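Here you get one chain, nothing else, as structure tokens; it is the form predicted on its own.
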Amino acid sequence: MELGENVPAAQEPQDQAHGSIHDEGDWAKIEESLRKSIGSDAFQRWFGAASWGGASNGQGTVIVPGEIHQVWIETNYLPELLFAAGQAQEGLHKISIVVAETEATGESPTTITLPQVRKEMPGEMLDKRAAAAGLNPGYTFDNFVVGGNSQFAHAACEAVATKRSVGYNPLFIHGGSGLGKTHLMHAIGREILRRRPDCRVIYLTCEKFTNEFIEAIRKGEIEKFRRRYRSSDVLLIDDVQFLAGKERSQEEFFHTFNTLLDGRNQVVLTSDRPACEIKSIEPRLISRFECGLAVELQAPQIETRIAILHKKTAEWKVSIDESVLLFLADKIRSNVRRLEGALVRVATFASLAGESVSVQKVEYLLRDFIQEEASRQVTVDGIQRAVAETFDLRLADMISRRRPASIAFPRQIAMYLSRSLTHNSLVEIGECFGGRDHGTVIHACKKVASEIDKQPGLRERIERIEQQLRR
């Protein structure tokens, strides 16, 4: 690229005597190194139109055609660029990224010092990139305990991370709170960065996406907001149900989603319920959430809970009696987060007291956990009995094939409550209602949710059943 008359003196030809890089041979060396480190596709996309502006006194300049190239390179590829330039010219220790249109205006370019980057190890670089992407370094595939409740979801997430399948886009992970959705999402992002360093991975909660969108509108920076998220290679959005009722945010998310999928970029979403059960979201968004692969995380079985406790005690290097671990696994069933919280309390007490902890002591320490867990143990069978009693039906009507409205709708309410109050999967709920399939359960949940808004008093009636079940 030809430079104008206002090229800084530090970049003029006479600087060659001071160890600067001007000739195409040296830039070719930098290009070759970059291709190896970030891949040919990424190189062509972001450095294909770049040129070397010269170097002097240990500082070099790379000229790029536009602001988006400048921002992208600064965010994602400065370490590789600095290393490549340092290999081409040993005396080079600083580098600047300058936009061609602004170079003549005298604006200050972005400058970074080389030695800080060249000392970093690959693992340290991965941690830095993961942190910049918003990822938690503690959430990896290696420290996720796989059980029957999560086997399929874990396999799907690994397939996305290792790019063994291109059909899982978007990947929609749903399940109750504290079951590992966020853990798996962070693990996907970290593994993608480890395997494909040229990828631009972004993780954020749906709430943050919405708040940033509102702030971008307020500041008049909507194009900058769109450029950030629509140019990502992998977008990970947590708690997508937060979009419910937010029409403008849904519109923006819809177009961002389409842009990424049209560009064959990966999208991973999590929600606390299946996409079809999220209320106040546009049907066109729901249909897009469902066009890829949806996987469910359920509450872990006792074997998995025991395995989680063993793994955590090993990680934390604490010694807890096996009988105590079995007690915890038996009493804390609702989700992994509560299970870990109970273990933290027990381990902390053992450390501070300097003594082994008995089951009796743990029962006292965790009395609030245990009481709350006990109040949560609602079963499908209990729901069927409560609904049958409320609507003056026989228990057998809950599983029969009879379909008069006086039986069918209460049965649908029982399915709706089973979905809301238990950790059973759709398939398991259907089996409890006379071997019905998961589609029937989904239809029942939609029907009841719709009727709650239409029928006066139905919501209160259902809430009374819930209160009865939790006593």
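Residue indices: 1-based, along the sequence shown. These figures come from a predicted structure and were not determined experimentally.
Not pictured, yet referred to below: the form predicted together with adenosine-5'-diphosphate (ADP).
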**Request:** State the residue from 388, 192, 206, 308 whose non-hydrogen atoms include one within 4.5 Å of adenosine-5'-diphosphate (ADP) in the model of the complex.
**Result:** 308
**Complete:** Residue within 4.5 Å of adenosine-5'-diphosphate (ADP) in the model of the complex by heavy atom, from 145, 84, 156, 299, is 145
**Request:** Would you check whether adenosine-5'-diphosphate (ADP), in the model of the complex, lies within 4.5 angstroms of a non-hydrogen atom from each of 273, 415 and 446?
**Result:** no
**Candidate stretches 279-287, 135-143, 359-367, 193-201, one within 4.5 Å of adenosine-5'-diphosphate (ADP) in the model of the complex by heavy atom** = 135-143
**Asked** Taking heavy atoms only, is residue 256 within 4.5 angstroms of adenosine-5'-diphosphate (ADP) in the model of the complex?
**Response** no
**Request:** Examine residue 180 and determine whether its closest non-hydrogen atom to adenosine-5'-diphosphate (ADP) in the model of the complex is within 4.5 angstroms.
**Result:** yes
**Item:** residue 91 within 4.5 Å of adenosine-5'-diphosphate (ADP) in the model of the complex, heavy atoms
**Value:** no
**Request:** Examine residue 246 and determine whether its closest non-hydrogen atom to adenosine-5'-diphosphate (ADP) in the model of the complex is within 4.5 angstroms.
**Result:** no
**Asked** Along 319-341, which positions have a non-hydrogen atom within 4.5 Å of adenosine-5'-diphosphate (ADP) in the model of the complex?
**Response** 336, 337, 340
